[in-house]
Structures are given as C-alpha cells and as structure tokens.
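Let's start with one chain on its own, the form predicted on its own, as structure tokens.
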C-alpha cells in the first residue's frame, strides 16, 4: 500500500496550490478571518504563554483538536516531495516506536471524531480500518504490528498530518527529542536535533534563557498529564509562502530576503505562525509536540485593520536580538515602512481576535 494522491482529492474546499517555485498558495477570505494572529497586545517578548488546549471559538483554528483546513491536501503533497528528496527529515529512534503508535492513535481518533466527512476509523480488536478520503487512503492494519504499515507508525501518520512534530522521551529529569518530522519548519533541522535534550534543542533562542523561560517551560512540561494537552503560539517571518525553510535548503531560500521592495513586500512577505500543542501519550509516557504552521501575507493580514496596526507596532518596536532570531532584522525598516500605511495610531483592543 502506498500513499498515493489520487485525482479528485481537490474540491471546493481543498485548494490545489503550491508552496514552492510558482507559489500559488493563497488564503481564502474565510481563512484570513480565522488566521491565528499571534499577538494579543501591541508589544512582544518571548514567553511560555501556555494555555489548555481545549475546544475554542467555533470556526477558529482552536475549534478542533487538530485543525484540518483548506490547505491540507496541498501541504501533504509538499511533504511527500520533501521526504522523497531527503528521507532524513523524518526520523524515529528505535525506542520511540511505541510513542509512534500512540501518536497515530491520537491523530486518527481525533480526526475521525472531529471530521467524519473526511476521516473514518473502525476498530475490531487490534484490526483497525482507517479511511482518509481527501488523500484517497483506505487501509486495514494491525495496531502495534509494524509489518502491516508501509512505513513506521510515526512516519505513516505524519505523511497524513499537517505541521511538524517531535516526540520527546522523558528521562534523567529532562526531555529528549528522539523522533521528529520537519518539512515545514522555521529554520531548524530534525536530523540535527534528534537525540538532543530540551535545553540543547532550544539553545539558539536569544534572551529567553536569561529570563528563565525554558527552565519554567521544562518544569511545566514534565508535569503534563495525559488527557490535558496545552498549546501556545510562536512566530517568525518568511519571504514567499514557502513551507520548507529548513537549514538544509538555506542556499535556496535565504537569498530571497534580498528581493523585497515596497512594491512587492505586501505580496511576498509572510507572517509565519506556529500553533504549538503538546500531548502526554498514554503507553509510552512520551510527549508529542505538534508545530502547526500557518502563513499569511502582509497584504492579507492588513485586511483586518486591528492586525495591520498591531503588526506594524510589533515589527517597529521588537528587540533587535529577537528581530535577528526571527529572521527579519535586515528587512525590518522596509517592513515597518510598508506596514505604517495601515497604522493610523488608533488604540487596539486586547486579544488576538479580529474586531467583530
């Protein structure tokens, strides 16, 4: 059984688009309104900003456990291309196989429950029947028997799941990144980070270590309980709607930072938002970390006036070390100039939702 993308996968809902070369990716008007704008105030400093991952506002990216949106099929096609070119973008150390099965179960059950029109899971003992209609997959397999899957359990479900994922094994009083898939990451490498502990993995982040952010985050995560997932936002900037901004491919995408002008910046510059959620897994006791990527061009974001004002103030006033880490210190003056046209100085309301 192979994961073929059969004709007819695209529909009135699922968009046929690209995240490379021709860059035909766009958000529909509905997708703009539900975009997870990550700033709840007019200033930003790195923080843990954890909250319970519970069902949120209807129609928002928080409504379901895992958000399946209009970009799902195209994102899965892009992931398949990345893994075909570089299989090491998805790795799982041998002792993480059980955590892979835990993750497969978590995702299949949630999608079948939340999107019955697209996904179905039927269990007869250890024999499971999984249907993924958007990708044309109809597969019966034996739970916990790797020989009944075309890939290991982690890779199998990752080829059907938006966002990058890591699995952390808990030992020696910390968390170890011992499995991961990264094809839509913001300049980090699963191949490089596999086997690192929590503080090693986060070492490049400026300021946060001195503020004790990661010490507090680790202490919090070690207490994470099964059935009580949490979520947070992270963000960066990307030129063009490119999912694969990996260090392995930096020679391809790095030079695009020099191509911005006031004429093309609104179309090319994208706010890249990660909705990160974490789950304690039941059998392995590992922690699954879902890093779901959303892309919104500046010209689309400013169609929400509150967001246009706030994004200008964030870009203009961000600490230089954070602007460097987020990858836009070079272009910050140009970005602030472009955004300033959409900031009339009016106050913004608390929270990240658009004004209703």
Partner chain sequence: MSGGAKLPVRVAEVVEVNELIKRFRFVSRDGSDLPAFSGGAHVVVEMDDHGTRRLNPYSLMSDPEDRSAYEISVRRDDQGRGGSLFLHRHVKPGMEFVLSHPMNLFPLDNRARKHLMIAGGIGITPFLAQIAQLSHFSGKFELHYSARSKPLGAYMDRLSSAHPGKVHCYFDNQSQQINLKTLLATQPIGTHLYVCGPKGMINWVLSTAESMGWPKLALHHEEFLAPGTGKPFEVQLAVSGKTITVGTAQSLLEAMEAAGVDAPYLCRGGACGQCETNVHKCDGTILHRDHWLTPEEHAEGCKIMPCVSRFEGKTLVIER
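Residue numbers count along the first chain shown, from 1. Just so it is clear, the model here is predicted, and its values are computed rather than measured.
Below: the form predicted together with the partner chain, not depicted.
Contact annotation: the partner chain lies within 4.5 Å of heavy atoms from the stretch 166 to 174 in the predicted bound form, the single such stretch among 250 to 258, 83 to 91, 234 to 242, 166 to 174. Not displayed here, the partner chain is approached by residue 285 to within 4.5 Å at the level of heavy atoms in the predicted bound form. Among heavy atoms of residue 264, none comes within 4.5 Å of the partner chain in the predicted bound form.
Contact annotation: residue 140 falls outside 4.5 Å of the partner chain in the predicted bound form, judged by heavy atom distances. In the predicted bound form, residue 228 approaches the partner chain with a heavy atom inside 4.5 Å. Here is the short version: of 199, 127, 113, 95, the single residue with a heavy atom within 4.5 Å of the partner chain in the predicted bound form is 95. Residues 31, 64 and 155 are none of them found to lie within 4.5 Å of the partner chain in the predicted bound form, as judged by heavy atom distances. Residues of 121 to 137 placing a heavy atom within 4.5 Å of the partner chain in the predicted bound form: 123 alone.
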